[in-house]
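One chain follows as structure tokens, the form predicted alone.
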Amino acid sequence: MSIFETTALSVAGIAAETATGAAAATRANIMEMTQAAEEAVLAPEDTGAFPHELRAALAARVARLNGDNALAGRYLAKAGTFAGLADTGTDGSAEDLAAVVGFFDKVAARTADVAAEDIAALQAAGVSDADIVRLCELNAFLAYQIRLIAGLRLMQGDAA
């Protein structure tokens, strides 16, 4: 895979023959590690309670919460039966995931407001500690990826 096929560069619309593409090429290792991190959090071997399609739906949801419809579309294509969760107007109740969706939204949009009570609510809903960590890892990666893509777009003069 070329670095220009990675999610970050392809969603940002960075082509190899541009000045931004040339700059990105000097940091190919960072693009490759970013793609590896994406694969680790979105398609791990051990998914715990969160299968790949659910992770993709949650990723699409966070992308939408951050106004990145191109990134959301990329993840939505992998969301399968969980695609409805990418709609930020839903709360996950229909899928029995209201606690997970509520926590995920809060971490994505209001990180400073996350408190011990939010973790306790997930535990009360039956989410294991290992799965809480998995949710946080996915959300943290998405925060990084969304900001990276926004920065790449700004480098080429596009609106973030």
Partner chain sequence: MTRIVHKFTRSVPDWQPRVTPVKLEEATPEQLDALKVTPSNTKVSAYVLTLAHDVESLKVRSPLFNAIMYDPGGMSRAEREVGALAASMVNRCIYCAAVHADRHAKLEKSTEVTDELFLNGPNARLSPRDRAIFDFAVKLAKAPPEAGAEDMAKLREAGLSEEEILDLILSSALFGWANRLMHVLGDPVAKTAKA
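Positions refer to the first chain, counted from 1. What you are looking at is a predicted structure, and each value in this text was computed from that prediction instead of being measured.
Keep in mind the form predicted together with the partner chain is missing from the figure; the text below concerns it.
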For this session: May I ask you to state whether Thr111 is within 4.5 Å of the partner chain in the predicted complex, using heavy atom distances?
Result: yes
Problem set entry | Contact test in the predicted complex: Ala36 vs the partner chain, heavy atoms, 4.5 Å | yes
Problem set entry | Residue contact check: Val11 to the partner chain in the predicted complex, 4.5 Å heavy atom | no
Exercise. Can you check whether Pro51 is within 4.5 Å of the partner chain in the predicted complex, heavy atom basis?
Worked result: no
Exercise. Counting only heavy atoms and a 4.5 Å cut-off, does the partner chain in the predicted complex sit next to every one of Glu45, Gln123 and Cys136?
Worked result: yes
Exercise. Looking at the partner chain in the predicted complex, which residues in 48-72 have at least one heavy atom within 4.5 Å of it?
Worked result: Leu65, Asn66
